[in-house]
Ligand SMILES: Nc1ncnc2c1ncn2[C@@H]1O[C@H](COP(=O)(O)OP(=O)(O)OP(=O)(O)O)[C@@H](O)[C@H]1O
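Take a look at this single chain, the form predicted on its own, given in structure tokens.
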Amino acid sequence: MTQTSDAPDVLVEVTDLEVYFPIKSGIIFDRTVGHVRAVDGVDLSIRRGETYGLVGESGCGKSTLGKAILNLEPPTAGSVVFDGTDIASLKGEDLRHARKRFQMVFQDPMSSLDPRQTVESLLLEGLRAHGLDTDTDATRARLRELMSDVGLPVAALSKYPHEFSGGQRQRIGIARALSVGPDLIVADEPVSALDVSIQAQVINLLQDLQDKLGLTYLVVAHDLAVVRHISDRIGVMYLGALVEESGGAELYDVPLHPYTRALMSAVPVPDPQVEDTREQILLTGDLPSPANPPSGCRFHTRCPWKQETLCDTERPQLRVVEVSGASDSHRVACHFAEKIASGEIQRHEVEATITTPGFGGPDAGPTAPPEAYIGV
């Protein structure tokens, strides 16, 4: 299926994307008793040449979303239109040929590189898979260029992954992604496994490569400082869905969703006076299971601004709100975002609730009573 986006500067258009993982049960015959809703109805767009940051706590589905956009994790429903072509509908050779234009940098630079292959072999593998290794001299020049682009010596081509540091291995992973000349790179926690000093080097490298090659990035991370430094726009995920999206600087200056405000309050400020006087939001209760998400707003079980109406019955849509300081591209999924921003609705104490065990999904059956799970 082929679609054309109305905005010519949009490279990736994600519409109502869902990724459900079946939960199996049975001794002799497996049957599906529910689904883990890793990604549950996400809409977003990524413009050409920009860096889109995706943040959220562990288990919110951001890495699964990144993989689903590249069809590394087949979507359950929805579409991912990349430059006019729905990636989610591609299979076999069509998908393999299309992968030349979108690549991924994985979180762990050691496990993502084959320890039995040299760096040269790792880079040649992608070139040969896409028919780019047709001239020996041109290929050697290309390998030297890749090493130069990521700041490694040419001698590194003959070495194995275990001979490098963590930061150098991540540079090799970036070189492998660049080898086929992609337009889009999804970087899944590209610096989380690295030392702080090395993190800055890799982030600066990604920015330099973007300026030089005109790349488009989707950067998945949980470090808010990293995302703020590198991103043009930022999306905040909670329990499989986007709850807020805005420009990078604006999200930090004008956070509108209660969950975003809680995230921002967790970032330490180096000024002791500011740290002692600023808003502190401590969330109560545990993150609900994506196999049995709450009804209505996914965040209402932990929200300090929860209201008696709508919050637990109707799921809010990602929408543009009219709030002072917020631009017309600032979207938030909250029924009462305007009233919270104006102070009309005040924070209140949240009582911790017990999340009822069970399995969510389109074919989920009735939930067993809590006592049925004692001792499990």
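Since the structure is predicted, the reported quantities are computational estimates derived from the model, not experimental observations. Just count from 1 along the sequence shown to find any residue number.
Below, we refer to the form predicted together with this ligand, which is not included among the displayed structures.
Counting non-hydrogen atoms within 4.5 angstroms of this ligand in the model of the complex, say which of Ile46, Cys60, Ile69, Ala326 makes the cut. None of the other options qualify; the answer is Cys60.
I need to confirm a contact call. Of Gly247, Gly167, Pro290, Pro255, which residue comes within 4.5 Å of this ligand in the model of the complex, counting heavy atoms only? Flagged contact: Pro290.
This ligand contact in the model of the complex: Ala38, any heavy atom under 4.5 Å: Yes - in the model of the complex, heavy atoms of Ala38 and this ligand come within 4.5 Å of each other.
Can Asp149 be called a contact residue for this ligand in the model of the complex at 4.5 Å between heavy atoms? Because no heavy atom of Asp149 falls inside 4.5 Å of this ligand in the model of the complex, the answer is no.
Touches this ligand in the model of the complex: Thr64 (any heavy atom, 4.5 Å): Result yes; Thr64 sits at the interface with this ligand in the model of the complex.
Would you check, heavy atoms only and a 4.5 Å threshold, whether Asp83 touches this ligand in the model of the complex? Output for Asp83 is no: heavy atoms all beyond 4.5 Å of this ligand.
If you apply a 4.5 angstroms heavy atom cut-off, which residues in 124 to 156 are near this ligand in the model of the complex? Stretch hits: zero.
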